[in-house]
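In structure tokens, the next block holds one chain alone, the form predicted on its own.
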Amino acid sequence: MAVSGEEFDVIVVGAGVMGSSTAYQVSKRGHKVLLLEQFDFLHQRGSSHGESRTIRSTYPEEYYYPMVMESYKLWEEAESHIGYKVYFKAQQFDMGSSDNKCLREVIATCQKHSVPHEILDRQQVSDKFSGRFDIPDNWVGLCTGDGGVIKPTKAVSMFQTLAIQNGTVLRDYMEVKDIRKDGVKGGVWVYTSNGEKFWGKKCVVTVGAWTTKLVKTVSGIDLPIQPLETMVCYWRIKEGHEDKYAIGGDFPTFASYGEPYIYGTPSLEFPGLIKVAVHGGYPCDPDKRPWGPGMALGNLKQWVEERLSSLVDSGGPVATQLCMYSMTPDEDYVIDFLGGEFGKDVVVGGGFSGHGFKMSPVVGRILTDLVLTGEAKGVELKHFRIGRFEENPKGNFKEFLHHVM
């Protein structure tokens, strides 16, 4: 166990999936790492808990495609080291109006990167999925092979276990209140609310919904990262049809473009239930959560009834779970040096906007590159700069509407 005043090569603040992945990547390269968490490990107060996350390569922003393809490889690499599975493969099915700009950009990304895909009309969708999806005549479906489900809590545990095996020190109930530059010998001091402090040559901040608060305290920078409380819904598959929706068969992970943006996964974590939810939520203070009552379900009930061919009970979800998103105005990540007096000694990863979990292996690799070498290989980080919000408060320009409602 680390003692107050101990020195490390890298201190990672925040032990959700991004911080745990980063600790694993840094320690894998032979460095002494301290991973700090303000709550208990594997807690359910942030964005890294729960039963499932979707992984897909179908993005309207083409710059995410190489990142997610690297993540597929890194998920499998980590699984090979730990000896169990956290990633379960499936097809990915995207659907929406034929004139939906966002879906058209998704198709363009597939074409640009030569991703094998099928564009299907209503009858072809019904045929391909044996009647389990029913889309309107003016919609199209896009089917690709790169989908799947990640088990989130199990994945965080995996990265932490691998980091420990590499010598990383883990401390929970260590709320970081400040990070200060060491003006004498360089590096930084990390201070916790219980009076302890640790010195690191470098520091990585991955604190999810608390990013804006901590970065403001440390540097005075106001990052436009808004926490949202979101609700995940599970719906009962009608009796006799359960096997048709199970993971491992031909039922896909899926996304429905429009208002609202709806997503779902095959039946995996709860037998006989399928996850279908709205990608959105309500603004919240992560330290003063409302913990419900959740979002209005009228549109979601209608979608379940109409799009899933009445094979899933649309009367209402039989189980729900709460989670948080950390939203940027453009829904792009923040991956950058904190700068100012810290220069390249402190790196920030945040604002993953409800679509970051799948990318955690590659984000961990990128943050590791930045903190150890000052640059990231094989990825263009201009879209993730902190400074983009000074140039335009809305961030990166996009021609299509954002997903989150």
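Keep in mind the model is a prediction, meaning the values are calculated, not measured. Position 1 is the first residue in the sequence shown; the rest follow in order.
What follows is about the form predicted together with a small molecule, which we do not show.
The small molecule in the predicted complex is approached by residue 36, whose closest heavy atom lies within 4.5 angstroms of it. Interface membership of residue 230, defined by any non-hydrogen atom within 4.5 Å of the small molecule in the predicted complex, is confirmed.
A residue is said to contact a partner when one of its heavy atoms sits within 4.5 Å of a partner heavy atom; residue 355 meets this definition for the small molecule in the predicted complex. Contact annotation for residue 147: none of its heavy atoms lies within 4.5 Å of the small molecule in the predicted complex.
Proximity to the small molecule in the predicted complex, taken as heavy atoms within 4.5 Å, picks out 317-325 from the listed stretches 84-92, 125-133, 181-189, 317-325. The three marked residues, 73, 78 and 368, fail to reach the small molecule in the predicted complex, with no heavy atom of any inside 4.5 Å.
Residue 174 is the only one of 312, 140, 174, 300 with a heavy atom lying within 4.5 Å of the small molecule in the predicted complex. The listed set 96, 266, 200, 208 contains one residue whose heavy atoms approach the small molecule in the predicted complex to within 4.5 Å, identified as 208.
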